Each structure stands twice: as structure tokens, then as C-alpha cells.
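Coming up is one lone chain in C-alpha cells, specifically the form predicted alone.
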Amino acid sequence: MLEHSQISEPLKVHIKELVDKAWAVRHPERTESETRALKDQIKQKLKQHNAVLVAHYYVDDELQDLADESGGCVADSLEMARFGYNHEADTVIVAGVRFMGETAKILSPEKRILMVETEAECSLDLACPIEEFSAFCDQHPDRTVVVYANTSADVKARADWVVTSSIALKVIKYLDEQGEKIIWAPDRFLGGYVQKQTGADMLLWQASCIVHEEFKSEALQGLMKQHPDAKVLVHPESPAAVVELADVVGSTSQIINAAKELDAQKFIVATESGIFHKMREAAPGKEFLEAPTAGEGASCESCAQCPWMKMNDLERLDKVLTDGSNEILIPEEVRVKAERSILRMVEFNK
């Protein structure tokens, strides 16, 4: 397997600083009645502004519930963008991280796209800066550029294809059958999983998700011994040794469907813990355990949580609806090129 050089130390330090800043965010404490009142206030503002809330599976439960209750949606990044595109609302509020707001704007340029929190980042996006990535692509002009959805609008515009984790295998298999050699970015674990499954000729960008990279195979094996009846559900952004232990490897929506459809009553889940809310709704009565992140090599504060996703809260959402802040804007030239790469995947999926 061919690989791109490791992410530079200054960039690693920068990402760590942003992670620490995100963890330092403190959310206001509320009583139940205060929370209900705030949600009712937000629902009224959504109606007043002809706005709809789309939320990712990884944000807090109360934002997920509010999205459902107010006629919005809870989904993965691409489905969030699709929902906003198809909805009659003039304004789409995105509860998630920055690239999700950008994806919504790429597909709905005529709509106003607002982020609950514009400083909510993604380590995969941050670790694939457009200048370095574009220079790397220029060094390999014979290769087809495929990027994961967790990238900036600029990187999507530089790519030939944009893929999600649910369709990555199919797209790479198709390109490999056409004799294409591939540049893959940014997630090295997802890229390695796809390369192993397809045998495709891939150059891998060496970024990773700060949540998924912390799952530990040895500790997972110990938990599996404690719960031998549990099925293991793993997101392919996890390290290869963790993926190898899985009963099901899949995207967020595929993991939720597996919990619902499999006849097991207990599951060990290796992805961001925010997904448990929808898993419990989809499969009531079943038990869900967090895959372990402790053990040798562990380095994070709370590894089964994304600090940037947790920056989203009701107070920030209310502020955005009050003052119209946090709007996502993308230069049209960039947007058009990025849209082309996304729509190529959408057409392929049909």
C-alpha cells in the first residue's frame, strides 16, 4: 500500500490546540422546565424564519430531539444536505461541524445556511489543508482523486469524486475495475479498509478521526470476553485491528440499521457515543456498550465523544436564529466544482 507522508508536526499541534479549545467550552445548566421553554422558543423562531434544523447523529440528544420535533432531520452529513435541499425552508440550520454546513451550501446555493457553531471543526478536514493536498495531487496527475465527505469545500472542489463511508467500497471497486489508480483522502483507516477490501492501487492521505483512532483492539477483545453474546459494530474510520474484530463494519446509518435488524440483544459499538440516542430509539430494549478507548496508546480526554460536535447546544442555536450569525458562504467557482464531485457519487448511487 502506497502512502502519503505523515501529517506535519505544526499541523498536529494546531489540531490539538483546537481540540483543547473545544473541550474547554462550558454549556449553561438548565432545569427541565427551562429546557422545554427554550425549545418552544426555538421552534417559534424556526417557523418565523421559515427555517429547518438538520442535526448529525453525534450532537447532543436534545438537539437531535428538537430536529425531529420541529420537522427537521437527524442523519449523516450527506443526508443532512439532501434533506435541506429538498425542504421548502429558506434557511437551513446545521447542528454538526463546519464541513457539514459547507456540504449543505454546495447543494443548496440559493438557501441561507447557518451553523449552530462555526468553530466546530473536524480533525479529518483540518488535517487535509487544500494547499498541501492540491500540491500532492499535482504530483500524481495520472490518478483519480477521491475524497471522503469529511473535507472542506476546497478539497471537494479539487477532487474527482466525493464519497461517504456507506458507498466508498462500491465507488473504489468500480474505479479499480475501470483501471483507475487512486488518490484517497483524508482518512487513512477508512482508506486502508477500502484498499484491503478492493485491492485497488491507492495513495492514502495520512489523516485520522480523533474519536475513532482511539478505539483499542486489545481492550475491545477484553470487553468481548465479558460479553460473548454481544455483536460488535464498528465504523470503518477505526484502526484496522478494531475493524477486524467487527461483526458489522459500516457508516452511522448502517450501524443503526444493524442494531435494529440483527437478532442480538447486546451490541458493542465503536463510533461516537452520540449515535446511541438513535440506536435506542431504533432498537428499544436492546443494550449498547461503548467500545473501549482505554489502554496502551490512549491519549484523549473522552474518546468516544467528539469535542466539536458537543459544542452545539440549544443556546447557540437560539442565538443564531436571533441574529442570523454563522452563515456559510462559498465562492461560486469552488461551489460548482465541489457540487460536480458530490453529484457524481449521487448519480453513481442511483
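Since the model is a prediction, treat every value here as computed from it, not as a measurement. We number the residues from 1 along the sequence you see.
We do not show the form predicted in complex with a small molecule, though everything after this point is about it.
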Even though the small molecule is not shown here, does residue 165 get within 4.5 Å of it in the predicted complex, heavy atoms only?
yes
Against the small molecule in the predicted complex, would residue 237 count as a contact residue? Criterion: heavy atoms within 4.5 Å.
yes
Consider residue 76 of the chain shown here, and say whether it contacts the small molecule in the predicted complex, taking contact as heavy atoms within 4.5 Å.
yes
Looking at the partner-bound form in the predicted complex, is residue 99 within 4.5 Å of the small molecule by any heavy atom?
yes
With the partner removed from view, which of 282 to 290, 53 to 61, 24 to 32, 320 to 328 is the stretch that lies within 4.5 Å of the small molecule in the predicted complex, judged by heavy atom distances?
53 to 61
Considering the small molecule in the predicted complex, which of 91, 251, 195, 206 comes within 4.5 Å of it through any heavy atom?
251
